Each structure stands twice: as C-alpha cells, then as structure tokens.
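What follows is a single chain, given as structure tokens, in the form predicted on its own.
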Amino acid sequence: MQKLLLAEFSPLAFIAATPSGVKTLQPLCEDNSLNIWIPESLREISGTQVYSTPLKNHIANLWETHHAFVFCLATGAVVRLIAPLLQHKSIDPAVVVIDEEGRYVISLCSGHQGGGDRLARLIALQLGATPILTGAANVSGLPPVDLLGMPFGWRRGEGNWTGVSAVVASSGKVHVIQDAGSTLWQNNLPDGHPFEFEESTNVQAQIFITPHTFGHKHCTPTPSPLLPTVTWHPRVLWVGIGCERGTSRLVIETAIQEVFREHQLAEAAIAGIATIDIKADEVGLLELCRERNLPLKTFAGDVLKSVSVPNPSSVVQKEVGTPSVAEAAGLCASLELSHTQEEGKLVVPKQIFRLPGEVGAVTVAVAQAEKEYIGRSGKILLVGIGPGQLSQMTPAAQMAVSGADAVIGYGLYIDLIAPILRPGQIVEALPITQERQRAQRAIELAEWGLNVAVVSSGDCGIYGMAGLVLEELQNKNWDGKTPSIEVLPGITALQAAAARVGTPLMHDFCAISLSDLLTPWEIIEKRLQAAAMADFVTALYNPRSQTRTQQLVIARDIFLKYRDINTPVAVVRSAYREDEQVMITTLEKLLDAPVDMLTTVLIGNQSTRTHGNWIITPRGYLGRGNG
C-alpha cells in the first residue's frame, strides 16, 4: 500500500541518523521498495543504505534526482542541510521532517507544488502522527490555487501565483473564467469560498482555465493588469498531423508552434498527437512525442475515412486511402474520451507548412475535446473503513482515502471519514440503493485517469463494494491491469459486534444476509437451515428493514429447531459509533430486541454461554488436557 500511494513521490529518499530514527521510518518501508539512508556508524541495521560522505554532500548529490525527502532529524538541522540547495517552490523537491518518536510530521518545503503537504498527510496517517501543515489553504479548507488542476492533468501557465494565492488566503474575491476542463473541482468547495464564477464587482484576482492564450476572443474578460492573474491549461487540444515520409521533428514542431501562435492557443494545452496508422513509425513524430512526453494516437484509414471534415482532399485520398489525415485524426482523438461525436470540435482547420532548407512538409489541424487528457493510468482503491470510528480504520485504509483524487461512497460512510478528507478532493456521496451507480462512477473516473477510493463500511469485500466493482469491470472486458485495483480490508460488522460482547466467534462461524433484494429467499432459507444444523455460530446481516419484517422471525424459528431456547444472542447496532447499542439476549427472546438494517445479530452455537456481560464460545482448549 505504501508503494502504491507514495509512488507519485518517487524517487523518494528517507534519511535517519540514529537507531530510533530508523525505527520510526521503518513502517513506511515495510514493502522493501523503499530504503532508509543511514551513516556508516549504523551500517549493521538491515534494510538500509549507507552514505559514506558527509550528510550535507550526500543530500546535495540526491537533490537534483529525487522528488521528495523525508528526514527523521531535528528540524533545525534539516533547514541548515537544505538551505543552500533551495531554488524555487516550483522546482524544489518536497521536504518532510519527522521527530524521532514519530509524533509529528512536518511539511517543511514545497508543500503545494512539490506535494509536501500531501506526503506529510499520508505519512502521518501511516504512523498515527499529527501532520503539521502551515499553508493558509490547510486552514481555509480550500484547494491551493497552484494545485487546483493537478488531479486533472492541467498545466500551469504564466501568472502571479503568489499574488493570487495571497488573495485567496485573505478571503478576497477571485473571478474564475473557465471555458474548458472539468468543473468537478467546484463541487466540494466549502461554504463561503472566495471564488466567483460569474461577472462580479470588487474582485481582487483572476484565474483563467482555458486552452487559449491571453488576447484570444475566448479569454474574456481581458485580464486586468492591476489584478494578480494566473492561468491553468487543461489538456484538451489534439494535434492532427499528416506529413510526407521523412519529415523532420524540427519541421513538425515548428509547424505546431506557428499554428498555435497564430490562433492564440497554449501549447501547454496539447493533449497529444494524432495521425494515420501508417505514420506510426515516422521518426520525426516519434522524436517529438518522446521529447514532449505526449501520446501518439494512430487510426486506420478506414476509421479516418468515416469522419466528416471541412477540407477533404482527393490527393490525400489517392495516396493513403482517406480524404483526410490531420483533421480526421485530430477529431478522432478528441472523441475518445467523449460519449458522443458532437462533443469534439475542430478549432483549427488543416494548414500545410514547409520550412525553408528542411526536407518534408507537414499538415496540422487542431481539435478540442470536451474532456481533458489526464496523462496517467487511474487506480481504484477498494477501502473498508471498519465499523465507523476512525480509530478502528487501518492506517493503510486511511492513507488510501486521504491520498485519493476522488472518494465515492454512501453518504453515511462519507460522513464517518470526513476528518481524513482533504481540501480539493472530489467527494461524491450516492444513496444506499445506488451501489451499482457508485461502482460505475468509480470505474468511469479511474478509466479517465483519476485515483479513486470506493469506501464501504466494515470490510469492502464482505457484503461491500469490492465485489460489485470487480463484477462491473469484468463486464467491461477489463484486462486485469488498467485501471489498477487495490483492496484494503477493514474490520467487518461481525468482528466489531463480537468484540463488543466478548468472544462469540471463537469457533467455526458463518455470515448470512437476510436481505432478499439480490438473493432469492428460498436460497437464504436453505443457508439458514444448513448453518443451524451444522452448529455454526451465525452472524445475520441486514436482519430487518421497514419493509422486511418476517425474515428475522423465520430465521429465529429455524434456529430454534436445532438450538436451545437459551442460546446466547448478541444484538449490536452501530458498533463503535456514537449511537452504538449493545444487547445480549437469548434465541427465544430475540424478536423482543430492537433490530434494523444497522444491526448485526450473532447467534451462538450449542456450546456458547454467557458470563456476566460477556458471551463466550469455547474453542475446546480446556477439554484437551496436557497431552
């Protein structure tokens, strides 16, 4: 789990100078994918790497190649170590400091753009420590301006980032002008946020979210020179390319630059390059995509031929079998993330470009997609949050939720984990009857490229969302790899209920849901009969709802055929939550107990007994003797 969530900070350096410091850092390196740097004096400690030069020199050697540093040293010592290396928050690695007892995790440097605040949160959850985050955004509950578009793959343009961030920190009005990219970031802004999405007076800063550069007709209102202004560029522009064989990278790149300058488009908004499949090995295209880290999407001629374009060419038709390459390929690429063809549009028709002194010619067209290209593979984290109290939730599960771009679940479960949600996350709560919609939404966001946590109470794989998500993926012919899946278990309801009453599950047990919404009642009755006959301790889930009142009566009657009327029964509602109710009764009197959908019923076996306020199911140890 650590490897999965900390991967975005790789390469990541952990540094300790004492045995206690190493001990504090070791839980963060449990999967052996991360090592701790230590001085030669501690070389006998396993699972570490030794630095032989002075620590100051060692840090300097790692500084340019590492994205983050985690020190278990005194804060003052770390400040002196890194001070000569700091350049600018936009390029400095994240620096986090942990005290030797692991009580506090301090985001010291590059908290926003370098991800230091995010890294500190994740580490604090893993260690059960307190994160120390001093940025203003952490107090206001607002997403930092310079991180606003990071989950969606947006690229930062020019602007006064410090000035706009200062206005947000002081609760000044900020006018947001957005003509492209996802608006999901707006859905979870706290009450009283400073962002204005319509024309407004007395604004103190501006944020443009657009594929255009300033001066374009879409960039209205015109940025005021008196206001601090920043620009985010969603990657929505697909550049369609047709070219003669052997056209150099220089010709292709210069053509794109000229077209974008002429039409006042930002190159930072380029999602990728698109062309016909016979150009998949074109050296100039491959070099350009590799250098700029852009995807190259290719389409068969028959596919391109089916696309309606404004400027078809009979010459191109004769050469490659389709009347359009650049325009058609750009449109095809722009439609891949869309649901309907009408959602893509050609913003620059094809233009032919040659560069004096260079071999070859290139045709360029630009299409704009409705949905931006994120540029990374998505993940689905299937998370069991336990019975409802954060202290009963595993550190790995807490890390998964806090580190996710989006969190999806039933509203009650979202409320229970609210303290570990962070500003800027996409949080979507769907009603209890919309489990399938939750699964489909999670898959949709992950296929787009987001890191999505799907939360279930108890254990996600026991009457939870994990199975449904995997079934939905299977129905979509999922390849088992993309999006990637991680299942994080939690304390399930039967475990939580048992812990509240003693040790009723010390011998063989089973769980049966009495809800017949997904399982025919005839099958449920057979399972109840089998469990009762086999003398299993039995946990009943979903025992009674407002419309289902007889199932528990039938279940009780089935067990009375095989068990004594005084068999101990635990009735536990909302274990570990504020409104928890615990009742120990008997099988005969079970129906007198208050039972609803938040209740778990534990029916003992023939040997289960009570002692004081506890239920005990013997395992059989006392009857074995000393042999």
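Note that residue numbering follows the sequence shown and begins at 1. A quick note: this is a predicted structure, and the numbers were derived from the prediction, not measured.
The same protein has a further form, the form predicted in complex with S-adenosyl-L-homocysteine, not shown here; the description that follows concerns it.
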Scan Q126, Q113, S182, N542 and let me know which has any heavy atom within 4.5 Å of S-adenosyl-L-homocysteine in the predicted complex. N542
Quick check on this chain: which one of L55, M597, L591, L42 has a heavy atom within 4.5 Å of S-adenosyl-L-homocysteine in the predicted complex? M597
With the partner left out of view, is R563 within 4.5 angstroms of S-adenosyl-L-homocysteine in the predicted complex by any non-hydrogen atom? no
Non-hydrogen atom contact T231 with S-adenosyl-L-homocysteine in the predicted complex at 4.5 angstroms: no
Spell out, yes or no, whether the shortest heavy atom distance between T247 and S-adenosyl-L-homocysteine in the predicted complex is within 4.5 Å. no
Hey, in the predicted complex, is T492 touching S-adenosyl-L-homocysteine, heavy atoms inside 4.5 Å? yes
Pick the stretch from 249-257, 174-182, 462-470, 279-287 whose residues have a heavy atom within 4.5 Å of S-adenosyl-L-homocysteine in the predicted complex. 462-470
Pull the contact list for 551-575: residues with a heavy atom within 4.5 Å of S-adenosyl-L-homocysteine in the predicted complex, in sequence order. V572, R573, S574, A575
